[in-house]
Structures are given as C-alpha cells and as structure tokens.
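Next up is one chain by itself, shown in structure tokens, the form predicted on its own.
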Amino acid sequence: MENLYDVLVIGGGMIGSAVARELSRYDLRIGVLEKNLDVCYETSGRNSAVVHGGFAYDTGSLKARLCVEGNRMMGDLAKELDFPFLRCGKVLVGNTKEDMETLKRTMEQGEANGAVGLELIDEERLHELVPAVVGKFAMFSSRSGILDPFQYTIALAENACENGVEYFFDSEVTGIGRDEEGNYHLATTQGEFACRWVVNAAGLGCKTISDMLGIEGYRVIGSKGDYIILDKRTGPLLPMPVYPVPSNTYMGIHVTNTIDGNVTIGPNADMVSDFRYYGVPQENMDYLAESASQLWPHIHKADYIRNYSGILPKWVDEQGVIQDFKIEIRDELAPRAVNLVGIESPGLTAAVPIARYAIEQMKEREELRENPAFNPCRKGIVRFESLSTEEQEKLIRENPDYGEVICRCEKVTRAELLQAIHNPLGVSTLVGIKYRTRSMMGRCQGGYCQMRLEQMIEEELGKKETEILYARQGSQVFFGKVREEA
C-alpha cells in the first residue's frame, strides 16, 4: 500500500509528541493525527507546569516510577530541546501535628519511589526559602522544578518533525477499522490514513479511541482545574511552588511561580463530563484566592491578568478510585495498537519515559531498526528580552528586525515573531504564535500587539484577514470589512 505509515500516533499533545519524537529514533514512517490546529491546546498547555519529584504517587506504580525517571532526565532534555526549565525546588507546607505525620509518610513514600532531595524543614528554614509563605514547617523537594509547557510540547513536536515525522492538524479520528492484512485504517475529518501500528495518545479522547480499537470498558472522567495568573510584579515574592499538605488523591490549591516570572493560583478539582468547556466562574476564582491566601497572603485582584482552566483525563474504577497510568498492547483485541489511558499528572514530568515505556512494548513484538540520521537536538527561538545588552546589540546589527519590539509587555521583537510565523509545524493561529513567543501574554493580554501580529500573519503567509484564526476552527478574528476603502 503506497500511503501506508509504519506508525500513526493519535494525539499530538505532550505525550503524543514525546512518542513521535522517541519513535523517530527508528527507521519508521511516522504520522501524527491531531484534532486541534496546534500541539498544546488541551491538557498539555493547561496545567501547573510543575516538574514533580515523584513522592506523591503509590510506590510501585507507573506514575511513581516514570515520574522519578522524568524528573531525573529533565535537565538533559531541556538542553537537547532548548526549552526553559528551572530546578527551583518546591515546599509542602504544614501547621498541625496531623500535617507533620502526613509529610513524614509522604517523604517515606518518596524515598521508597526513588525520589531524591527530600527533607523536612522547620519554620526558620522554610522562611529562608520562601519568606512570604505562611507555615510552621514543610517538606522541601529540592529536585522539583518548573518549565514552560507550551515550549516543551512544541520542542518535542518540532524535534520529531525535524526527524521526519509528519504532523496532520485539524484531523480528528472518527473511526478505526482493519483490513485483511491487519493494517489499520483511520477515518479522520481530513480523509483516511492507513498504518501498521497505531498509538492512542489522545489524552481527553483516550476512551473514545480505545473503544474504537475494540478495547472497551475503561471509565475516564475529567478533573477540571481553574487557575488565576498574576502580574509579574508578584514574581519576586515566590521563588518556588508552595503546596499545602496533600490529601490521598489531590495535591491541593497551590501557588506556583512560572518560568517567565508570573505567579499562578490553583487549581481546584471539579469532576466534569464536558471535556470542551474551559470557562472559569467568578465564584471559583474567589475560592482559589481565599484558599491560596492561607499559604501565601499576597493575592490581590489588582494583579489578576488572566484566568484559565485545564482538564485531566482520570481513569477510575467502578468505585471512582483513580487508577495508575495504563500503557498496554492487547494482542487479542487490537494487535499492533499501543493504548494509553488515563495519562494525567504527572504526565508532564513523565512524558518521555512514558513514550519509551510504550515503545519498549512495541519492541517486544517487532524489531525496530535505529535511524542513523536521528538528531536529538532542536534549537528554539532566541528570547531577545533575556539576552544581555551586548548580545542584543549584536543581534540587531546582524538583523534589524530584532530592533523592532512588537509586543511591549513581553518585549517580543519582529524577528522572533517572524521565526514563529514560519515555524516547522506550519501552525498559523494567533494563539500558536503566542505560545511560541509569549506575545499577547503580558499585562495587556494583546491589547497593543494582537492586531500587529494579525497583520504580520497576513503578510507573511499570504492569508486574507478573514482567514486568520485565533485558536480553533470558527475562531476568525475578522469576518469582513466594516467599510470598503474608497
């Protein structure tokens, strides 16, 4: 069959792109089918952006094992793929005797999981680490950190693309069948694709795809978490994420510093069946602020610049108990199909180990030849604002477009935006450019730069103004001219 892929990955988010990138180490024809117009519009880009230490998961679980492994390799991955990562540490703050007992159990579990850099600290040490926090003691995880989930997902996808993986956006899988030769035929909104192997990395759609494969019976619920983003002027007050003492199933509403200097508040955890609604009600914002202020009393409405929410796909049993990651091949039901179900937190930390674990199962059934041309390294867009004055002046001399600032809040230059517009994946939405450069992410949330960015996309890609999309199909920025020129 002429158009037969060796592997098609369903889902181009963080997990799907990690799988695609790791598969590109082998001599395979690989495609990724993504229903959205970019790789990080759902869970991959809607989370706390924390690299976890591995202490919060049941000993012996895949979540624990792969989280610890992912934490360990994150620094090397950041260097290879050129995305921002900071190993700033994290504290779990307590006040009562019961809190102390919980933290001791958490620390014991972490050590059994192989997590390192854990210690119980007193009030004095806690306030040396985070002066603005409220608490009597804490567990300090020195190996925890933060990253930019957009940049991480994009880096995985771009590296996969540079190593020969084909990405197909706006391609939602609507049906799966098999022919007499055992090859899979995937019907999508953009036509039919065929492959020998299929990987279900559909995230929130994992149950739907699992059912299509004939692997039925999984119950997947959504845990919706809302967040508030605070202005960068609050950033110096929070050098690391601050968490309350965790419960058995929920890490609690926490306060997190971001890689770019903002602070996020959240999330709560509402069980939902609608996986498409991302609104944040006012009462939820009020609850987040009130709860988080007990840990970090520096939350003021004057500093709110945006809110957002994310939904985690949780696999639960009949009693509603959250289960471990499921990464399987069911030869009797769907041979040559890798099924990933319930990949939630710590999926960000564990993304590459998850991918490698899935591929090891493939290799137990088929020999994979190495790709001698595989290049693990990818170069991202240089962040002009982060450079020294001397480096900035040098870049401007080499390319005057670095001297024109388009986004004033985040100081994003024309040169950076041009690189983002001509990205390897061919993404052309406003939000796609935003995620690659941080334009429209500052205090004014695009009030100054959005229309200039829209005009650049028109000019660079030869699009009409009515063709420019904000994020998804149907999200046109313009529907026509208010008046025609004379």
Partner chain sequence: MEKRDVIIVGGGPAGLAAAVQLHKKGVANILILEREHHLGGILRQCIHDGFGLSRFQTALSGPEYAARFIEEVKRCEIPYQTDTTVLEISPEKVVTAASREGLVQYQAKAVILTMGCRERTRGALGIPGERPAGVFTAGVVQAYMNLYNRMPAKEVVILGSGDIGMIMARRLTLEGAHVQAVFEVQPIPSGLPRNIEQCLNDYGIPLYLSHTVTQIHGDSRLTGVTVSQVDEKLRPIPGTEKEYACDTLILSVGLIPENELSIDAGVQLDGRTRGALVDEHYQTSVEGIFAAGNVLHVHDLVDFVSMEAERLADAAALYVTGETLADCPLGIRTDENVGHTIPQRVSGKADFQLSLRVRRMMKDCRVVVRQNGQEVAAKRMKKALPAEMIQFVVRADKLVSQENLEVSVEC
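Residue numbers count along the first chain shown, from 1. Keep in mind that what you see is a predicted model, and the values were worked out from it rather than measured.
If you look for the form predicted in complex with the partner chain, you will not find it shown, but the lines that follow are about it.
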>> Can you pick out, from 237, 86, 305, 269, the residue that has a heavy atom within 4.5 Å of the partner chain in the predicted bound form?
In response: 305
> Is residue 191 close to the partner chain in the predicted bound form, meaning a heavy atom pair under 4.5 Å apart or at it?
Replying inline: no
>> If we define contact as a non-hydrogen atom of the residue within 4.5 angstroms of the partner, is residue 447 a contact of the partner chain in the predicted bound form?
In response: yes
> Could you tell me if residue 326 has a non-hydrogen atom within 4.5 Å of the partner chain in the predicted bound form?
Replying inline: no
> Could you tell me if residue 454 has a non-hydrogen atom within 4.5 Å of the partner chain in the predicted bound form?
Replying inline: yes
> Candidate spot 276, 443 and 470, all three in 4.5 Å heavy atom range of the partner chain in the predicted bound form?
Replying inline: yes
>> Only one of 372-380, 296-304, 340-348, 87-95 has heavy atoms within 4.5 Å of the partner chain in the predicted bound form; I'd like to know which.
In response: 296-304
> Heavy atom within 4.5 Å of the partner chain in the predicted bound form: which residues of 370-402 qualify?
Replying inline: 384, 389, 392, 393, 396, 400, 401
